[in-house]
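In the block that follows, a single chain appears as structure tokens, in the form predicted on its own.
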């Protein structure tokens, strides 16, 4: 189990308890008293269980230790401290040796995500066996639950700011609603794109037919809307309702510009906002609203979600050219083959006149698609798209400055870096 000291709350509110080290109050452990932020902890050096590179801490009021993961340099810092010293941990990208994993990133909200997974099928609540089967197919297709994970992280980070001791029922219901809306959009996307595979599994419409897939997506949108209305918060209802409208706007915008090489970067970003970033932005702002933070903080959370969502979409569009079909779980360069002009293509078109000819011919000649893919890779499209993804990521990190330093804020920062690591 490897993570980093990012999971430690350096803001003075809590330390993540992950697992017991095996010592007891009667084992007379060799300890050293350490201050993390405002909190006094005891470091145990003789825990009977070994989990690799961990630091064991105990609050003064606890009878046994808990383990937190730490990198070697941070471990050495803790073990080298004397009485009443303060730990200063460098969280910069340069200090990280190992890649960020989603499993470790979401460790601080793992219980919340597990409850969400347990509840999703019952929340869909379809009496029709076909709809239940369709829901089981999409929910079990290996989704990373990134959107509800973001809801929980922002909820926890802003709850700390507002002085809430635990998440509300509204926070948890919002995460479930967001995942249902996202899932419904995926079902409809696969129908529109005629995609037979998603995340390495057959899509709902491939298994059950287009009619059932459309109805399953519609049902999930309707069920999410019903739960949304029951939250009885007009601000959040308007926010999430706009997302469903944006989905349709994005699909129309994309369908009306296929094989159009005159698409501008701003048009691409607007379409990406409609199709991807709108939901992420509404998720993060909705979480902040339910924490009852100041309007300025809620707006920063909206901008964070928007910039993160755009960065994610640009990275996804880069991976469409740099990863194999096996890695993607769907055909590689699928967007280009269907005439969807993305950021790497827009940038490559500036340097490759021949690329325009191939795309506008809709790849009518044998081997023309492969030629176009190579032009995107060699024409500077990938590099400039990477720069765009990093630009949006930097903006997202700045949006987090309104939050107090905590394990939850650090996890949100790591989410931004995790996205960029996909193209490193």
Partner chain sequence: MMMTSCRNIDLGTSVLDLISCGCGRRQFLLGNFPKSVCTARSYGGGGGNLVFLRRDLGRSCRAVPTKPKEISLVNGIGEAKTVSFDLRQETSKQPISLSSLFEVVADDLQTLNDNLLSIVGAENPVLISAAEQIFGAGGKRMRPGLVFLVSRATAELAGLKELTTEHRRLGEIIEMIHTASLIHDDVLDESDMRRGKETVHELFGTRVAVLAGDFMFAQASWYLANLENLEVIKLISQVIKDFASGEIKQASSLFDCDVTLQDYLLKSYYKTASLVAASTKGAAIFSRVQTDVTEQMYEFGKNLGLSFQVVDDILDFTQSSEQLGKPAGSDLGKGNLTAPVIFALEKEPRLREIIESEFCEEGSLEEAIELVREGGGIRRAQELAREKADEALKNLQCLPQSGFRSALEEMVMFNLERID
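Keep in mind it's a predicted model, so treat the numbers as computed, not measured. Numbering follows the first chain given and starts at 1.
We do not show the form predicted together with the partner chain, though everything after this point is about it.
Of the listed positions (303, 101, 225, 115), a single one reaches within 4.5 angstroms of the partner chain by any non-hydrogen atom in the model of the complex, namely 225.
A single residue from the set 334, 133, 168, 241 has any heavy atom within 4.5 angstroms of the partner chain in the model of the complex; that residue is 241. Among residues of the shown chain, residue 211 is one whose heavy atoms approach the partner chain to within 4.5 Å in the model of the complex. Using a 4.5 Å cutoff between non-hydrogen atoms, residue 354 does not count as a contact of the partner chain in the model of the complex. Though the partner is left out of this view, residue 251 does reach within 4.5 Å of the partner chain in the model of the complex, counting heavy atoms only. Taking the partner from the other structure, the partner chain in the model of the complex has a heavy atom within 4.5 Å of a heavy atom of residue 191.
Per the 4.5 Å heavy atom criterion, the partner chain in the model of the complex is contacted by stretch 233-241, the sole one of 147-155, 175-183, 278-286, 233-241.
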